[in-house]
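In the block that follows, a single chain appears as structure tokens, in the form predicted on its own.
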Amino acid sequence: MTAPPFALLVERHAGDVARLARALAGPVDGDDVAQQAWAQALAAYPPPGGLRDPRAWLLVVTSRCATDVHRARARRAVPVDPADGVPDRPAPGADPADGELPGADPELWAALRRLPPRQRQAVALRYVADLDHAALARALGTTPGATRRLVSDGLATLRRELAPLPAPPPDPHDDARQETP
């Protein structure tokens, strides 16, 4: 089987690659990740051993480029004005990856970025790129059962982080004050 022309892959999957890049790297670095993914895909096209699922292959390349960006971001020095001292926590919006996607829930995307890398990739490939577990397993180089576990653990962490806090129990002293005249 011959591989389709690369331009056909770009035409069919450009939206998927861009969406996954923005989900994994944030809106600021997402476009750079997508460009890097296309450049690496073109350099490796057609991959050795053939191409059973071009979309899954492109999404794997994209997720690996996003991982490279996360690693590079962690190594990047953050300039600090010595006169201001070191803040206790980052200022809101200080991380360029904290930008909002149109119509996106910023808390959800922030929680997604805090997941461990394998869980983040699995959840993003499953729900952003809409891969089934078989394609997800091929993309991550694991088994469908292991991908189900990665997605399940990632979703459980997201639910825990995003669940509303339970209401505090009623204060018994408030009832006592109301009863006394």
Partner chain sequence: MTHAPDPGTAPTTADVEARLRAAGPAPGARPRVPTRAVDGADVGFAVLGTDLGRVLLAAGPDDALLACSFVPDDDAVERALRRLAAAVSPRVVEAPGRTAAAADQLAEYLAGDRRAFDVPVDLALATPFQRAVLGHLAGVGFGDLTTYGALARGLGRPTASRAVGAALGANPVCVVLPCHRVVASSGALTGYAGGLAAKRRLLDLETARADLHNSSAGEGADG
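On a predicted model such as this, the values are computed, not experimentally measured, just so you know. Positions refer to the first chain, counted from 1.
Just so it is clear, the following notes concern the form predicted together with the partner chain, a form of the same protein that is not shown.
K.L.:
With the cut-off set at 4.5 Å between non-hydrogen atoms, does A110 touch the partner chain in the predicted complex?
P.N.:
Outside the cut-off, so no.
K.L.:
Look up in the predicted complex whether W38 has a non-hydrogen atom within 4.5 angstroms of the partner chain, and give yes or no.
P.N.:
Because a heavy atom of W38 falls inside 4.5 Å of the partner chain in the predicted complex, the answer is yes.
K.L.:
Going by a heavy atom distance of 4.5 Å, is V123 a contact of the partner chain in the predicted complex?
P.N.:
Yes, contact at 4.5 Å.
K.L.:
Does P46 reach the partner chain in the predicted complex, with heavy atoms at most 4.5 Å apart?
P.N.:
Yes, P46 sits close enough to the partner chain in the predicted complex that at least one of its heavy atoms falls within 4.5 Å.
K.L.:
To test your reading of this chain, name the stretch in 63-71, 150-158, 134-142, 50-58 whose heavy atoms come within 4.5 Å of the partner chain in the predicted complex.
P.N.:
Stretch 150-158 is the one.
K.L.:
Within 4.5 Å of the partner chain in the predicted complex, counting any non-hydrogen atom, which residues from 113-145 show up?
P.N.:
Residues within 4.5 Å: V123, R126, Y127, V128, D130.
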